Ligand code: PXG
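One chain comes next, on its own, written out as structure tokens in the form predicted alone.
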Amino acid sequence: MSRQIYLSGKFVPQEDAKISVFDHGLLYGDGVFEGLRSYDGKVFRLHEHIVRLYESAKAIWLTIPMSQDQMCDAVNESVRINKIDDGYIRLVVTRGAGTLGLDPNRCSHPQVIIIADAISLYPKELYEKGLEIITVSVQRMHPAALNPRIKSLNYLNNILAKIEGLQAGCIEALMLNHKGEVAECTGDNIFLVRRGALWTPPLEAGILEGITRDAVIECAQAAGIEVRETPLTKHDVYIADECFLTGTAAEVIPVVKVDSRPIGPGQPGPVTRDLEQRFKRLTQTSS
């Protein structure tokens, strides 16, 4: 099925959705993006995603050529025109076409691209049985090099970690920061359950402030579960009672083995299952 792609102010069939080969988003990864989910035709936490997009753009001196309200309208129209109920939206803003040099001042107007489609990040059986992941040697990028709160188009750091995980037979992998602390996975945030409390790395560990991460923290707090945002090591992961990952595409998915070590009894735990259900109910009542 051909999708209608929003491309800088108008919708075009996906086969006609083209940008210049001189676009700095392609040449240098110069741009920002957001991944959003729709449930029953409504975009989950749209405002939060749009705010993060504009903050990422501001951080790299990129002026988005439309207001936040206009962007929200464009996202909602992309969902409507493509008849997406439960789906995924990729929102991309590039620096625009320029020269072969790095100078962003020689670029044309930024390009805004919105793609609405279906997505299935992990097979259904992994949500039932749980993921096995490994810790990879590729470190999370140093925050002094690129602030991890900027959701930029340059994902090579994560891709290299993903490749290492895939070569080891795992479709997701855990990354450490420059201090050797647990940061996040290649595309998801990580949570541990230990003695009834929920543990997750703080923003200072060099992680993306995930929208789903924040939503799950809210679900836990509403359930009376203590949440601790604190530096974690691999040792903390190995001795955890439960482990799960969160992300816009992944939602909430249990992890049952890390570095060949079973987490807890080696099967999804009760806190993970409870938060899965709470998050699912949240997506059904929010937009």
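Everything quoted here is computed from the prediction, not taken from an experiment. Numbering starts at 1 and follows the sequence shown.
The protein also exists as the form predicted together with the ligand; that form is not presented, and the subsequent description refers to it.
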{"query": "Contact segment among 95 to 103, 128 to 136, 78 to 86, 183 to 191, judged by heavy atoms lying within 4.5 Å of the ligand in the predicted complex", "finding": "183 to 191"}
{"query": "Proximity to the ligand in the predicted complex, single hit among 177, 111, 200, 212 (heavy atom within 4.5 Å)", "finding": "212"}
{"query": "The ligand contact at residue 248 in the predicted complex, heavy atom, 4.5 Å", "finding": "yes"}
{"query": "Non-hydrogen atom contact residue 90 with the ligand in the predicted complex at 4.5 angstroms", "finding": "yes"}
{"query": "4.5 Å heavy atom contact, residue 65 to the ligand in the predicted complex", "finding": "no"}
{"query": "Contact label in the predicted complex: residue 35 to the ligand, heavy atom within 4.5 Å", "finding": "yes"}
{"query": "The ligand in the predicted complex - contacting residues of 144 to 163, heavy atom within 4.5 Å", "finding": "151, 155, 158"}
